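Let's start with one chain on its own, the form predicted on its own, as structure tokens.
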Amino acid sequence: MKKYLDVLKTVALFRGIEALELLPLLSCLSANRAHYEKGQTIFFSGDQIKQFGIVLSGQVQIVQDDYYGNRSILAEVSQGHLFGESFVYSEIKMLPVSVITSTESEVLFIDCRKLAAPCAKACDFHSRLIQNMLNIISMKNISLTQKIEFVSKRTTREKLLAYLSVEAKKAGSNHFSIPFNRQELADYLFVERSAMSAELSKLRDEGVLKYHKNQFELMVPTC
């Protein structure tokens, strides 16, 4: 785990915990690491899970498939971020989503029961971890509200511009990259890929934006 210390220091769950304490902390939590190739499923819809994950490297997606096999991407989880924590603490019996790697990934798993219950050593960090977890879940609720704003827009054009505007603000620049390819972006915004691609071409032709693959530039209005 030493090779991932720089990543672990950025994880919101471990905020306020000294770097020297991280490895003993992970030992106390019985954390375990696993490697996945691109496209592998970490959690299947219908699973009953007791662990949540932290992405040490790579990227994973939270997806939902309907009865007819149509896929929606609910969230993208990048290095240093958690997934599955809301589901393990809600104690639902069956996971309503799947978690799939979108790149080769390394994942750290933590048993939810180990985090919530003080251990025999009476480690001081448990209360800090619980506070941090509450903050993470709260911030994800806010992010979910933001996504609802995207997908509730009436047209594909409005959905695209709302999403790209937020990504530009996050990057602090009108030049930015997004974590999705075209199909993934369509799945994330709940639109048809062909309609979305046509709308992107229109926006480019109108001088609203420029793009190449997952690199975008929102043009500054001249009036």
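For every residue, the number given is its place in the sequence shown, counted from 1. On a predicted model such as this, the values are computed, not experimentally measured, just so you know.
Beyond the structure shown, there is the form predicted together with the DNA, which is absent from this document and is the topic of what follows.
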For this session: Could you tell me which of 151-159, 32-40, 55-63, 166-174 sits within 4.5 Å of the DNA in the predicted bound form, going by non-hydrogen atoms?
Result: 151-159
For this session: Go through Gln48, Ser27, Gln183, Asn70 and name the one with a heavy atom inside 4.5 Å of the DNA in the predicted bound form.
Result: Gln183
Problem set entry | Residues His81, Asp111 and Phe125 all lining the DNA in the predicted bound form, heavy atom within 4.5 Å | no
Exercise. Is there a non-hydrogen atom of Ser201 within 4.5 angstroms of a non-hydrogen atom of the DNA in the predicted bound form?
Worked result: yes
